[in-house]
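So this first bit is one chain, no partners, the form predicted alone, shown in structure tokens.
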């Protein structure tokens, strides 16, 4: 009698985790954050509620992990290592040309923000974050701030090379081009294009005063 192989518990757990991520992202895109529930995620994923509560304490935790996983998948597909994602895709290069490096990463940001699989859950989480302080804090701590620190690191490198004034605060300076992108994307105040982000970099680095 042939002995059946022992089920691989880790593989089964990973399959369940993947199903939960996909269900959470799909539901928040279809129904919005308030109408997405642990029960709904469990039913969509084909798992029990206890499986979800074994790994997460709330739907916010599920969705944040699902979105981080989605971002890491995008990084892998573009040939990067997990943890190098800036915004949705792409680490910030350091070629010695600060303007070119910033334009490159902001163009990748545009691609990510307009990618349907990222855009729907991003908008749902961002919208809920406006009225849900706890979720907003989680979004900032786990998603936004790590990404912004990549800009800080690149700007500090530019300071060391003399490309940026030594007295500027990189954390404030990055908002000159990152914040307008977020506003335009969130509020639809204009088209989100490469030309727009390139111009933001030029304005931020070279100023508005005549020379």
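Positions refer to the first chain, counted from 1. Bear in mind that the values here come from a model prediction, so they are computed numbers and not experimental data.
Just so it is clear, the following notes concern the form predicted in complex with another copy of the chain, a form of the same protein that is not shown.
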Practice item. Could you tell me which one of 42, 144, 26, 150 places a heavy atom within 4.5 Å of another copy of the chain in the model of the complex? Key: 144
Study note, to complete from the structure: Note: exactly one of 30, 175, 160, 61 sits with a heavy atom within 4.5 Å of another copy of the chain in the model of the complex, namely 175
Exercise for review: Classify residue 112 as contacting or not contacting another copy of the chain in the model of the complex by the rule of any non-hydrogen atom within 4.5 angstroms, answering yes or no.
Suggested key: no
Check your understanding: residue 194: heavy atom within 4.5 Å of another copy of the chain in the model of the complex?
Key -> no
Exercise for review: Could you confirm whether residue 103 comes within 4.5 Å of another copy of the chain in the model of the complex, counting heavy atoms only?
Suggested key: no
Check your understanding: Contact between residue 156 and another copy of the chain in the model of the complex at 4.5 Å, heavy atoms?
Key -> no
Practice item. Within 4.5 Å of another copy of the chain in the model of the complex, which residues of 155-172 have a heavy atom? Give them in sequence order, or say none. Key: 162, 163, 164, 165, 167, 168, 169, 171, 172
